[in-house]
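First, one chain by itself: the form predicted on its own, in structure tokens.
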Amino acid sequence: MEQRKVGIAGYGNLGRGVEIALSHAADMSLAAVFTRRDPSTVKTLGAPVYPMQEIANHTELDVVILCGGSATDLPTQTPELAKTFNLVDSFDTHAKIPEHFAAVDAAAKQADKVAVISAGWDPGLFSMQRILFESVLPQGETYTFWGKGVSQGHSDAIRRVPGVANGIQYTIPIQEAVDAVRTGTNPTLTTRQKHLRECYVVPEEGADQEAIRRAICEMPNYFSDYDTVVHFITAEELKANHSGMPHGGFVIRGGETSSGTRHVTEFSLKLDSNPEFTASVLVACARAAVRMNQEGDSGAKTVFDIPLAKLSTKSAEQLRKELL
């Protein structure tokens, strides 16, 4: 089986998850990890570690999986690295996906590379369910609920607020809204009616807690459209009570095929580790990116553009026999 050489850019929770996922991929091997930290301080499961600024020199890599945050890392890293590599990122600021796609598409097409953006489970797997359910039931409404669980992107966003030493954010579905949707009556719900966002923040010594609270609650694209609760806690409390990374959620569509004939479709995930599961999706998309590029394709792609068979290690014959 052909071995694809993979690089990881960023070695936080998601980067470590990608390393684990690659250990289960028979056709892929981790060749290098790139970090903004001192490489001598980064301990991997065995892969060599290099400074991030050296990544462009490693043209031997078949694909790079970007594991930075959507707030400030990926908007610049992805289009820059698409000039050199096939790659995958997990950009998850939904409102900014069109402009991110455009920037990455221009760079990747010029370099004849494939860059899969916004992969993961939402955007990603949930996006696939939304388009599938909508196509099957065109007369209806789709609802997406996240949680209860830790959002990596939102947690990263609050950690970048001035005065925040550390923090974590939980997304919590409002049960009354979920129950209403599952009836198939397609209620009209605002963003605020569907989810609560709960933040646990460790402030820096002497930080203005009210300013931190205001900065979080008013943050556009992340918190401003939601009821948001901010708790200030100690570093010890954060470590003891909030060190796990669970998440999940569901996509529900209610629709009619004829007057009064209702159908409800639902796809759900329950995850012990958000970063490890997200990483597993990124690795499958990295496989697809390499295959698509080998076939002459280039430019930015999303999960909508990837044939399902290209995500799998199995041959077309195996897929038809075992899974169809």
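The shown structure was predicted, so the numbers you read here are calculated from the model rather than taken from an experiment. When you see a residue number, it is the position in the sequence shown, counting from 1.
The protein also exists as the form predicted in complex with a further copy of the same chain; that form is not presented, and the subsequent description refers to it.
Legend entry - Joint contact, Ser118, Arg130 and Val264 to a further copy of the same chain in the predicted complex, by non-hydrogen atom at 4.5 Å: So, yes: the whole triplet contacts a further copy of the same chain.
Legend entry - Proximity to a further copy of the same chain in the predicted complex (heavy atom, within 4.5 Å), stretch among 223 to 231, 188 to 196, 204 to 212, 90 to 98: Contact criterion met by 90 to 98 only.
Legend entry - Contact residue in the predicted complex, from Ala47, Leu269, Met52, Leu61 (heavy atom within 4.5 Å of a further copy of the same chain): Of Ala47, Leu269, Met52, Leu61, the residue with a heavy atom within 4.5 Å of a further copy of the same chain in the predicted complex is Leu269.
Legend entry - Heavy atom within 4.5 Å of a further copy of the same chain in the predicted complex - the one residue of Asn241, Thr76, Gln175, Ser135 that qualifies: Looking at the other structure, the residue within range turns out to be Ser135.
Inset, instruction - Could you confirm whether Leu324 comes within 4.5 Å of a further copy of the same chain in the predicted complex, counting heavy atoms only? - result: Taking the distances in the predicted complex, the answer for Leu324 is yes, it comes within 4.5 Å of a further copy of the same chain.
Inset, instruction - Evaluate Thr257 for contact with a further copy of the same chain in the predicted complex, applying a 4.5 angstroms cut-off between non-hydrogen atoms, and reply yes or no. - result: Thr257 belongs to the contact set for a further copy of the same chain.
Inset, instruction - May I ask you to state whether Asn13 is within 4.5 Å of a further copy of the same chain in the predicted complex, using heavy atom distances? - result: Judged by the heavy-atom cut-off of 4.5 Å, Asn13 is well away from a further copy of the same chain in the predicted complex.
Inset, instruction - Determine whether any heavy atom of Ala31 comes within 4.5 Å of a heavy atom of a further copy of the same chain in the predicted complex, and answer yes or no. - result: Output for Ala31 is no: heavy atoms all beyond 4.5 Å of a further copy of the same chain.
Legend entry - Neighbours of a further copy of the same chain in the predicted complex among 301 to 324 [non-hydrogen atom within 4.5 angstroms]: Sequence-ordered list: Thr302, Val303, Phe304, Asp305, Ile306, Pro307, Leu308, Ala309, Leu311, Ser312, Lys314, Leu319, Arg320, Leu323, Leu324.
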